[in-house]
Every structure is written in structure tokens, then in C-alpha cells.
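One chain is shown next in C-alpha cells, namely the form predicted on its own.
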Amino acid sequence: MRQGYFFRKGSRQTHLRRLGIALISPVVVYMLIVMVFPFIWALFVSLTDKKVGSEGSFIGFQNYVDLIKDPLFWRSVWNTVIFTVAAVALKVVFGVIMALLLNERIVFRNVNRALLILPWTIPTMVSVLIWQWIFSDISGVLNYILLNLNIVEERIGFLASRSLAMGAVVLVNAWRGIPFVGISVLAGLQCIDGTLYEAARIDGANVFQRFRSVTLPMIKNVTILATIVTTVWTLGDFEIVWVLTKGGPANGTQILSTLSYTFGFMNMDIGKALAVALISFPPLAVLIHFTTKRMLDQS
């Protein structure tokens, strides 16, 4: 009897193991085809001098050495840091503020909540083209308003100045990303027990003290998670910068994603373009790992 019991138990475990392998196999195959093989191919091509229309030959780490010696690469790295830090800071600050406002009992609260996600739902290309018209120094609405309010005396080329162009792309990126942070934080606010606020009021805490002692600790985890996710998205942003400025003027808004595109599709240097993309991969991998770890810890 005991031998039959262990035999049946072993057969059941084997069956479950095979079932698990069968269920996870499609995911493994998908990951191999969509992610692993393209990554290995990109890594190999980055070690060659491949150009568009030519086979290319193996040159080792020469592309990476050339990039490290290239001042344009380091300017792009610095621009990427400025762009990411500024955009993420705006998203988090205004996303939290927007979530706090929409969590209150205001008029047309549900309508305002629906309008919150509007910038996020509009296709990127459409919204960026609208912003390009807004910033235009010829027929742009922003220049029209500033001139009519006598704030400026002549039209401003927002996308023609290095400092103003960086501010413009940061503003557009933040405008599109604020809804994500706002929705995430708003979901966290909905989970806070109202009795905590009542207890804080009874203890004599004012609005700012209730925010510091009750709200902030309760939304800390979701805010950190939303910040990490939006940082990953911002580091990989391409459309907004390319459509608005194409990395100009004078490489003032050239970030790593646009630099990779410039090398690959403007200069036809596929090897160097992939080297740029792979250099920016480690920080993204660290952020993605940290995001996944926090999500698993909270689940």
C-alpha cells in the first residue's frame, strides 16, 4: 500500500511539473523571440562597423570607445539627465497635487477625474504636433497671448533657443505624464481609511500635519513606484523630442534616444546607433528590476 501511495504521489507531482512546463513554455518562447534574440543580435551588431547597405565587419568595442571620446555623446548624456530629472520632478509634484485635489469633494469631481487622463489618451504624435503649433514663433498661440498681454515685445522662438527648447520638451513630456502619476496616487488615496483623518482631527492636527502624518506615509509606496515607472518611460522617450526639435537647436535637446536614431537613420551607422542604445540599457535595467521587485513586495 505504501509503495502504491508513493507511486501515485510521484506520478501526480510529475504530471503537475509537466503541466507547469507546458503552461510556461509559450511565455518562454515569446521572450526568446521578442526580447532575447533581438538583444543578442543588437549586442553583436554593436561590435561591428555595420552601415546601412553593407555587411559590416567585427571591430570589437571600437564603437563604444568612439562614443566615450565623442563630446556629442556626453552632451547627450547630460541632456538626458536634465530632461529626465526635470520632467519626472514635474510629473510627481503636479501629479500628487492633482490627485489630492480630485480626492476632495469638489464640483463635477467625476468629470474632472475623466479629464485628468485626457493628455494620456491622446496619441503622442497628435499632442506633440499641437504643442509644436503652440510654441511656433510664426503663428503660435503662446506668442499671440504673450504679445497681446504686452508681456513680450517681439515673438519668441521657443524651439529655436537651446535653453527654451529644453524647457519646452520637458513641459510637453510632463504634461503627458502627469495623468499617470495622478491616477496612481489617487488610487492610493482612495485606500486610506477615513477614520485615520478623524483621529488626527481629534488630536488637533491641522491640514498640513494630517498630510504629513497620515496621507504621505500611506501614499509613499505607490508614489515611489509611479516615479520609478515614469522615470523608465522618460528615459526611453523619443517621439516628443524628435518631433519638436529633432535634437536641436545645436544639439541642445539631443538625448540618447534621438542620438541613437541620428546615428542609425541619418548617418546610416547601425553599429554605433546600437552601441548608444546598449550603453543606456544598464540604468534602465536597474530601474526595471527595482520596479519589479517593489511590485512583488507589495503584492
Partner chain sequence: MKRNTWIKWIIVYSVLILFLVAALFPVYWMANTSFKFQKEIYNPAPTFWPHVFTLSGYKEVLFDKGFLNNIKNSLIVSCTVTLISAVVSYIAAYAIVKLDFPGRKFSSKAVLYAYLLPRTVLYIPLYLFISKIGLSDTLLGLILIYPTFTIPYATWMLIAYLKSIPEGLEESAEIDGCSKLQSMVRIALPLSLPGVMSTVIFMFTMCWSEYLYALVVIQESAKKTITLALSNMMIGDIFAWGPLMAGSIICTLPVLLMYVLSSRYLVTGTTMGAVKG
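Rigid core here is just the name for the largest C-alpha set that superposes within 1.5 Å across the two forms. Keep in mind that what you see is a predicted model, and the values were worked out from it rather than measured. Positions refer to the first chain, counted from 1.
Below, we turn to the form predicted in complex with its partner chain, even though it does not appear here.
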Practice problem: Could you confirm whether residue 46 comes within 4.5 Å of its partner chain in the model of the complex, counting heavy atoms only? | Solution: no
Quiz item: Heavy atoms within 4.5 Å of its partner chain in the model of the complex: does residue 71 have any?
Solution: no
Quiz item: Using 4.5 Å between non-hydrogen atoms, is residue 131 touching its partner chain in the model of the complex?
Solution: yes
Exercise. May I ask you to state whether residue 203 is within 4.5 Å of its partner chain in the model of the complex, using heavy atom distances?
Key: no
Quiz prompt | Answer option from 152, 114, 164, 216, heavy atom within 4.5 Å of its partner chain in the model of the complex | solution = 114
Practice problem: Sequence order please: the residues of 37-71 with a heavy atom within 4.5 Å of its partner chain in the model of the complex. | Solution: 37, 38, 39, 41, 42
Exercise. Answer yes if the CA of residue 26 moves 2 Å or more between the shown form and the other one after aligning the rigid core, and no otherwise.
Key: yes
Quiz item: Would the C-alpha of residue 52 be classed as shifted by 2 Å or more between the shown form and the other one after rigid-core alignment?
Solution: yes
Quiz item: Rigid core fitted, then: does residue 202 show a CA shift of 2 angstroms or greater between the shown form and the other one?
Solution: yes
